[in-house]
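Take a look at this single chain in structure tokens; it is the form predicted alone.
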Amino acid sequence: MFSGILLDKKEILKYYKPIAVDTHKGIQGHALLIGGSYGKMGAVCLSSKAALKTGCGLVTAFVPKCGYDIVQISIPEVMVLTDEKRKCISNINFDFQPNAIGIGPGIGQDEVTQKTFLKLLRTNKSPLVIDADALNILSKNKAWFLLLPARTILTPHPKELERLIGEWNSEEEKFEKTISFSLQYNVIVVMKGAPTHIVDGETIYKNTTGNPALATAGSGDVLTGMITSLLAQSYEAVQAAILGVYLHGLTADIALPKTGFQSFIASDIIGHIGEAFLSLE
């Protein structure tokens, strides 16, 4: 069976870089989060706020027009760019070079959204994190796998993983298929679950933090924001995935005595990111 490298505090401290005393927002990374559609703006709000709370110097959200007020009011620290369409993303346009891009939370699968996602894959020069409906769009268009930049991070839950790699009949087969997928396209796969595993070719990492409280709406959107933030802060792709997953789980472990399982929500992950970082200091 695939055991993997255990991600405990000792392992994490090999990757974690404390913030330099003389840093400023211009060198702390600029993350771009692309997502949201009518009725699903919360997802990109969670991702964007999580990116900021994970240490990114600047965060821009690219959303449909209907999301402009929502993001500006709910997270004043985040900059907002809007699509020309009101209810969905149809033409991804920005005039700066992000240090990392996270795409997918709440984005939906409109045909125009699929087309502009393809255009982004063809022209993008930034490190990439792909989640949620952006993964589902990819699964429908498997030829696009070849357009993924090297070391792109994919963050599927079990159903999204199945759409990407096909069905499996055992845990062993699931890992074998994920490993060969990772090797074939030179991507990192964050296999969300209990526990979450990170597959980087033939190297597998097994996370040790987290609990059932994380099984809540928006939890994955927060993880996308955290990993995108770390990627924008110049962590190598696999390090960003490892650190993001570990800290994400740790927030639930820290919060549990206060919230219990039932009342823990995705915003509580964001609310406890600071304590998770402090536990590494």
Ligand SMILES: Nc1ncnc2c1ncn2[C@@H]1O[C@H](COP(=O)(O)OP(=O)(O)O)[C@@H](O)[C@H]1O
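Numbering starts at 1 and follows the sequence shown. What you see is a predicted model, and the numbers here were worked out from it, not measured in a lab.
The form predicted together with the named molecule is left out here; the points below concern that form.
In plain terms, the part of the chain that comes close to the named molecule in the predicted complex, with a heavy atom within 4.5 Å, is 206-214 out of 143-151, 94-102, 180-188, 206-214.
At a distance threshold of 4.5 angstroms between non-hydrogen atoms, residue 193 is in contact with the named molecule in the predicted complex.
With a 4.5 Å cutoff on heavy atoms, residue 219 counts as touching the named molecule in the predicted complex.
Among residues of the shown chain, residue 157 is one whose heavy atoms approach the named molecule to within 4.5 Å in the predicted complex.
Although the partner is absent here, residue 230 lies well away from the named molecule in the predicted complex, with no heavy atom inside 4.5 Å.
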